[in-house]
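Quick heads-up: it's one chain on its own, the form predicted alone, in structure tokens.
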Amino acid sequence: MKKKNKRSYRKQHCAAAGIVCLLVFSSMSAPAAADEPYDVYNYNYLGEAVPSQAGYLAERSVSGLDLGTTALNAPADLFKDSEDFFYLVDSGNNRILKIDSEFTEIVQEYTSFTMPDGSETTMKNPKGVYVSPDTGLMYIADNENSRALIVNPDGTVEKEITKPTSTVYDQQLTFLPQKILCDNAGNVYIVLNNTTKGAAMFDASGEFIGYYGANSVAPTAEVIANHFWNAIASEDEKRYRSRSTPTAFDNFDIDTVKGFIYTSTSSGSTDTDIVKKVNPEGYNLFDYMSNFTWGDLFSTWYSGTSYKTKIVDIDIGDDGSINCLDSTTGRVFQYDKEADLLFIMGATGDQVGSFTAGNVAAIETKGENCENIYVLDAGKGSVTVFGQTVFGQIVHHATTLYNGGYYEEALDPWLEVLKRDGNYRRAYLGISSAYYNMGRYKESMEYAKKADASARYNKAFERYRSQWLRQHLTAILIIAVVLIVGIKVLKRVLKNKRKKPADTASSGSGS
């Protein structure tokens, strides 16, 4: 009886141990976003949405009450300066809150400013804010006061920009600043809500220069037809014909290191110029990506309902990453500086990590490798803070090495990424490039094939073929020489064989 009890106990003990091991293994192999209120996914080489490890997890939601002030009212913008202070535009309360780097308390609250003549002025429905790392000044899009303010940290106004009197600016248009930024030369760029010519550009003295970064007109069938008929129409007919105008972009950010301005466009009937990378000359460096899709590859919910991606804000991280905020789905799409998709996070809903549909307003990042992402939800009046996971850290480390040209150094991190997520296509491309630069072309071909990267596969194949030929050149030459000599010997032998019967026949006839 005792032996039976012992045996039974051992079986139960082993079973319990097995269950524990299984649970531990399951927790290790399960996606890191099991507690997130949305499915974590990415896209494979076929363009299919597949489950993926989470690069970020929603850590907390911060309201005005959490910051020790009154509730936020229709907040419109969020910006982080070079010293990691945050500036939150609380439009409905006509104030700007300066928040500490940990996003836990308010450092300063701006509700009024001192004008150069000593008078006090207040904001009316401000929409955007920017703090220059070069000048240290704060730039404010004071929307319903029809002006932009350039303010010192102490709250004194350095300059006020109002509606230009230039003939280049249509005097029938109102001046309603939406977003604002400044480049390292002191030039000020202002997004207006009533022009499709691009951002209004002012020099450091506040003089109107012109427009910058206008979107292009999408070459649709209707646009092409209108262009054709306008070309052959008379002047009277042209007056009554419709004109094709570009869609205005409605938000932007600047890469303070390289000086490129990135714009985002949420409206429009086509996917043209949803995200642009504009150089100082105004040329879109993403022009070659005309077929590229920003946001979800397929704009259809699992229920079959179609939707359109609306990128309402864009942030360029310290590592050059491109972070796009989609108001339709409440999702954040993070790309590296080469526009390769890294992570997708967020959804619409009420839980932490999900947002009010159509009401997300702004996105910011913090850290050299985008350790944190901040999303401003105007509907909830709160900011959600996302923190980077271990998987996200490894991916960003590998991406930084890879984009810096350190392909071999990036190999081990990419291999670690694949161990954690076998669906992560970016890792296959990184490993293929690493092996290519190491001269291991056969392995490079294998990983390029797994990533369905035909151009990269062909490039590796050409090198592999050349490498194989060099390695076996001596053997090939020896074999070629042996074959040539063998063929010559064989021909001579066959020739001699044919000659002997002929000689025999001739000697027989002579006798």
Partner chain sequence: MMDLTQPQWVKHVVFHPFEGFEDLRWKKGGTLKYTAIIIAALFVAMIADDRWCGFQFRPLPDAMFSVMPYIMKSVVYFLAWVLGNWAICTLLDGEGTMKNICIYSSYALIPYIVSTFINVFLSHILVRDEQVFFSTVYYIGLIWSAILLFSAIKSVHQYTFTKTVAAIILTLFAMLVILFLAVLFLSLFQKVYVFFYSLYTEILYRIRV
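Keep in mind that what you see is a predicted model, and the values were worked out from it rather than measured. Positions refer to the first chain, counted from 1.
Note that the form predicted in complex with the partner chain isn't included here; everything after this is about it.
With respect to the partner chain in the predicted complex, the three residues Y130, Y139 and V151 uniformly fall beyond 4.5 angstroms at the level of their nearest heavy atom. Look at 66-74, 449-457, 470-478, 53-61: in the predicted complex, residues with non-hydrogen atoms within 4.5 angstroms of the partner chain sit in 449-457. The partner chain is not shown here, but in the predicted complex it comes within 4.5 Å of a heavy atom of E462.
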